[in-house]
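Single chain ahead, by itself, as structure tokens, in the form predicted alone.
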């Protein structure tokens, strides 16, 4: 009996999915429910969760405000060096977060830019502000990529019709392009938020991993594994998985409409 290529691909898909499911499920099965509940209600976990959500919300908001014009420029613009700009924006997705964190530490550390920002009363290195900055640069490339794809999927004829009726470029963008791209922008926001919540390496290098100071969920996981507190580490991992699962579910829901 001849084995079809589709069947081989199906078997590989099922095996990989099964292994991944077992690995993720172990986080929920291995620890005792009482230990998980105790860890989730501890002051450290509550502080970490609140800080993660607040900083990720601020970072995501800033990232979307920057990603929308960048995505529009890369989608509709035609200028010299466009490929270079796109490559640089996408670059943080290609190298480890630790490298990104090191680059940001050098940028905002004892440099001219860092000193100028400090004279304005803003301290970035080893502060909560540093968490937002690290999350922003971690999530921005993902936001730009999805939004750019969203704008690419919108037929430019709608914008041309708007311009022919006398609307300006910004009016067309605000009244025509943005409404058509709203689902893609929303999906991009969800994915960017999940990416910001899960940011670790860049946050660790730029903001540090200080207990109950710059401690977000990934840092909680890292610190408690270092201390040998497996229960707390697993609990923080469970929260991160739930946030990621919710983000992916919402993303898949909007992807069904082929918006981007």
Partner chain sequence: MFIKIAHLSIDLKDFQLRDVNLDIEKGDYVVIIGPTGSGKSVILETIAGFYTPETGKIILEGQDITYFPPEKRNMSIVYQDYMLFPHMTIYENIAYGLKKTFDKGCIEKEVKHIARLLKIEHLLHRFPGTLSGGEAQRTAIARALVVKPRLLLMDEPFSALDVKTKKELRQLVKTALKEYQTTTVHVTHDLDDVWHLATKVVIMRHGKVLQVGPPEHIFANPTDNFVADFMGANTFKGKIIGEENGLSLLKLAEGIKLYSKDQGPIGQEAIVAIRPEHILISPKSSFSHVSNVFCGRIINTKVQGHLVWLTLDIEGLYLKALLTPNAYELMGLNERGRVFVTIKSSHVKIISSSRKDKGEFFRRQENR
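Numbering follows the first chain given and starts at 1. What you see is a predicted model; the values in this text were computed from it and never measured.
There is also a form predicted together with the partner chain; it is not shown, and the following applies to it.
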>> Going by heavy atom distances of 4.5 angstroms or less, which of 175, 87, 111, 152 would be at the interface with the partner chain in the model of the complex?
In response: 175
> 75, 129, 162, 189: which sits within 4.5 Å of the partner chain in the model of the complex by any heavy atom?
Replying inline: 162
> How about residue 166: is it within 4.5 Å of the partner chain in the model of the complex, going by heavy atoms?
Replying inline: yes
> Does at least one non-hydrogen atom of residue 158 fall within 4.5 angstroms of the partner chain in the model of the complex?
Replying inline: yes
> Is residue 171 close enough to touch the partner chain in the model of the complex, meaning at least one heavy atom pair within 4.5 Å?
Replying inline: yes
> Would residue 179 count as touching the partner chain in the model of the complex under a 4.5 Å heavy atom rule?
Replying inline: yes
> When the partner chain is placed as it is in the model of the complex, which of 135-143, 179-187, 118-126, 102-110 ends up with heavy atoms within 4.5 Å of it?
Replying inline: 179-187
